[in-house]
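One chain is shown next in structure tokens, namely the form predicted alone.
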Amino acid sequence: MTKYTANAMLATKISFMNEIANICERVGADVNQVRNGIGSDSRIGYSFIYPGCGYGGSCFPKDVQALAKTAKDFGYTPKILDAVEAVNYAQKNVMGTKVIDYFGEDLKGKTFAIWGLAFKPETDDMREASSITIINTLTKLGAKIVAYDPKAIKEAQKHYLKDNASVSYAHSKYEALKNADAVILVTEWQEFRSPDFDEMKKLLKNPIFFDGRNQFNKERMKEIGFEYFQIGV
């Protein structure tokens, strides 16, 4: 119970913040400012309140589901846990939807660079990774994907994207950008935090950046010539 509860609590914080991000988009607020505000409250803090494109991995999904099932097996409906799962499932579609809203539902002839495949940095683990949902959504509409991840490419090729013929892989973050119509950042690897934006603009067909982890300042990105899309802004 303790292990399940700890992971379910952290997953709840993530889903809660993602729901707030979705509300912020609709009311014209900036979730990054909201996060800074609530994080300054010592009762809340900054851990696990970063909006994004959903959690994955082995622990959070499995433990939330296990705790919910345990509750139901003993005659209790875990409304919050069910909502955490539902929000996370929906959140994995948010970034793909942003791309479709911009480019349209016919993506034939479009190529997208994906930065990050693993569910989080410093691992090759792709279990329940948001990248899988995003890539499958876009390729079903005709898009080509060129993906780069420092550690997870072999996992993608062997297991998670092995049957998707529309996906190819690059050896570096810049190689993935060559002639791509846009870049989509999915995993917040350290090497993606300070890219050469001038080099990016040279390599991309269009300076369009979809940021699934809200890594950069939107005003600064506009100043340097990018169309920049975040979550919750």
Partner chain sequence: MKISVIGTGYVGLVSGACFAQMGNTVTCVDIDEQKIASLKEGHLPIYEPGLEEMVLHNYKAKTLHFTTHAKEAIASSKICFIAVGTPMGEDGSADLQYVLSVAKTIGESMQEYLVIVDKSTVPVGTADKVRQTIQEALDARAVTIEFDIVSNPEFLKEGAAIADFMRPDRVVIGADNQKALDIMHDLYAPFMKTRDRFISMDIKVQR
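Positions refer to the first chain, counted from 1. From a predicted model like this one, the values you see are computed outputs, not experimental measurements.
Another form, the form predicted in complex with its partner chain, is not on view; read the next lines as being about it.
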*Which of these residues, His171, Lys69, Arg193, Arg26, gets a heavy atom within 4.5 Å of its partner chain in the predicted complex?*
Lys69
_in the predicted complex, segment of 177-185, 194-202, 54-62, 38-46 with a heavy atom within 4.5 Å of its partner chain_ = 54-62
*Give a yes or no for Asp106: in the predicted complex, does one of its heavy atoms lie within 4.5 Å of a heavy atom belonging to its partner chain?*
no
*Considering only heavy atoms, tell me if Phe112 and its partner chain come within 4.5 Å of each other in the predicted complex.*
no
*Quick one: does Asp124 come within 4.5 Å of its partner chain in the predicted complex, counting heavy atoms only?*
yes
*Hey, in the predicted complex, does Lys120 get a heavy atom within 4.5 angstroms of its partner chain?*
yes
*Does anything in 1-26 come within 4.5 Å of its partner chain in the predicted complex by heavy atoms, and if so which residues, in order?*
Met1, Thr2, Lys3, Tyr4, Ala6
